[in-house]
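So this first bit is one chain, no partners, the form predicted on its own, shown in structure tokens.
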């Protein structure tokens, strides 16, 4: 007979699985219908569950939408952390590193097209706290991007007079434009390669 601790653990696992199922259904609904047009009943109906069951896991529609955004942001931040900024020691290494990072970020959105629709179209203007969360995500990407610039400046393969803070924010904006372009492209893979090379060329050719 399972112990109380084992029963509690099993219950926690089931709850996490149910939350994951609801999140997946919600992501489908938000991507297909948009945030404002989606109802709790739309999400619950996809799983064959009643409203009461839904409210055991999420307070309301905004609560689950924020959870979906958190999931997407977690995916993006995990990619940004894959290459250490100080790993490169030359312009050539830096160039390849930037291409690699760009393609990985684009791949996150290509692998799940719902991410871009929800993050760059549905999330805007829904809630002030959510706007702040998105701004924090962009600031975080810019902050990490600046570390790559600083590494190049310190090691001498980027210009010493670079305004690393402003440039990091500019590149973040370029990256967002690239993701939106990739999502709309007939050939996302080819478009990804074009954007990755263009961004890397801008960060080296225009600054080295």
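A quick note: this is a predicted structure, and the numbers were derived from the prediction, not measured. Positions refer to the first chain, counted from 1.
Omitted from view is the form predicted in complex with the DNA, to which the following refers.
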Check each of 33, 53, 67, 164 and return the one that places a heavy atom within 4.5 angstroms of the DNA in the predicted bound form.
53
My question is simply whether residue 48 lines the interface with the DNA in the predicted bound form - judged by any non-hydrogen atom within 4.5 Å.
yes
Does at least one non-hydrogen atom of residue 172 fall within 4.5 angstroms of the DNA in the predicted bound form?
no
Examine residue 60 and determine whether its closest non-hydrogen atom to the DNA in the predicted bound form is within 4.5 angstroms.
yes
Please run the contact check for residue 153 against the DNA in the predicted bound form: heavy atoms, 4.5 angstroms, yes or no?
no
Taking the partner as it appears in the predicted bound form, which of 155-163, 33-41, 135-143, 175-183 has residues with heavy atoms within 4.5 Å of the DNA?
33-41
